[in-house]
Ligand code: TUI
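What follows is a single chain, given as structure tokens, in the form predicted on its own.
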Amino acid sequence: MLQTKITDMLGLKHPLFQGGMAWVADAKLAAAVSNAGGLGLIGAAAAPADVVEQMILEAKSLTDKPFGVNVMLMSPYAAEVAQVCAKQRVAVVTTGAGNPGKYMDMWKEQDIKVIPVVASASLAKRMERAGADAVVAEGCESGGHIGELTTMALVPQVVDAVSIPVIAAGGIADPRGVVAAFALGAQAVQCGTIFVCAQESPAHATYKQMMIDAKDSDTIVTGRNGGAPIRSLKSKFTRKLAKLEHEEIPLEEFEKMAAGSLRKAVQDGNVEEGTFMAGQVSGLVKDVAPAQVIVDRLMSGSEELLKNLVAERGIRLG
């Protein structure tokens, strides 16, 4: 069994986080991943605080294991959601799209571990100075909102820049990715795309099937012109967005067109107006499986690979 500073810090069986994906990472999925030995995360996204609190309570009813909440700091409800996390004393808060500094003391008073998602070494250092317990270094291979650096380039530079543990994210969907992340210096991995296809995931069957059918080149990035690039599966809608962006339509018009498209994908499977966020590892996702099976495949496979890496890969030392 793989044990690291992260498993010790959080009391986890496995050094594996499930991504806090908006509309996908609900209480049921988070609890299932936590019950499987990883860290499940509820994606607060732009939901009101009372909705997030209900999801936390539901997760507590489904698991006695640690789980967390991903707080999107640009949400208009971020302050209230931050307070709910403190009130409910969730084990972990991960953050994105902003600086969690003003909530840090409140969370620390409740013994909540704070783990921001970062896309650069400089931001990782800033988060460490602010009191973060660890950081998630997320490369641009991931689905949803992305930065510019790849996981292979980002993770080792973040590891070198900070003294706190680093969780690698982006492009990890099988044991080879897990082992590679540890080789880069990570203490755990975070996976999102593969958990969209968990049985417990609320994603529409159409969404899951599109991911299973996807090939290595079947994602596209839109939103770069507005400074908020998003990686999704290629579809009629995302190709239309990309074309309009290339034509440089007004940002407000672009944002209006894209608004609500993730919900349409997750809840309705709407291929005409939905944005099916997914990472470049979609081509590695082969089936819909229980969260327990996904976690077991990732962890047992990576343990076996670590034991036999040299022999299996025909590598010779000396």
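Note that the coordinates shown come from a computational prediction; the quantities given were computed from them, not determined experimentally. So that there is no doubt, residue numbering starts at 1 and follows the sequence shown.
Another form exists, predicted together with the named molecule; not displayed. Remarks below refer to it.
Student: Within 4.5 Å of the named molecule in the predicted bound form, heavy atoms considered, which of 214, 119, 241, 180?
Tutor: So the residue touching the named molecule in the predicted bound form, by this definition, is 119.
Student: Among 42, 32, 39, 277, which has any heavy atom within 4.5 Å of the named molecule in the predicted bound form?
Tutor: Among 42, 32, 39, 277, a heavy atom within 4.5 Å of the named molecule in the predicted bound form occurs only for 277.
Student: Tell me whether 132, 161 and 185, taken together, all sit within 4.5 Å of the named molecule in the predicted bound form, counting heavy atoms only.
Tutor: Per the other structure, none of 132, 161 and 185 touch the named molecule.
Student: Within 4.5 angstroms, counting heavy atoms, which one of the listed stretches 217 to 225, 197 to 205, 146 to 154, 81 to 89 is next to the named molecule in the predicted bound form?
Tutor: It is 146 to 154 that comes within 4.5 Å of the partner.
Student: Looking in the predicted bound form, any heavy atom of residue 125 within 4.5 Å of the named molecule?
Tutor: Although the named molecule is absent here, residue 125 would stay clear of it in the predicted bound form, with no heavy atoms inside 4.5 Å.
Student: Looking at the partner-bound form in the predicted bound form, is residue 210 within 4.5 Å of the named molecule by any heavy atom?
Tutor: Looking in the predicted bound form, residue contacts with the named molecule do not include residue 210, since no heavy atom lies within 4.5 Å.
Student: Looking at the partner-bound form in the predicted bound form, is residue 98 within 4.5 Å of the named molecule by any heavy atom?
Tutor: Output for residue 98 is yes: heavy atoms within 4.5 Å of the named molecule.
Student: So, in the predicted bound form, is residue 112 in contact with the named molecule at a 4.5 angstroms heavy atom limit?
Tutor: Outside the cut-off, so no.
Student: Using a 4.5 Å cut-off on heavy atoms, what residues in 55 to 90 are near the named molecule in the predicted bound form?
Tutor: Contacts from 55 to 90: 72, 74.
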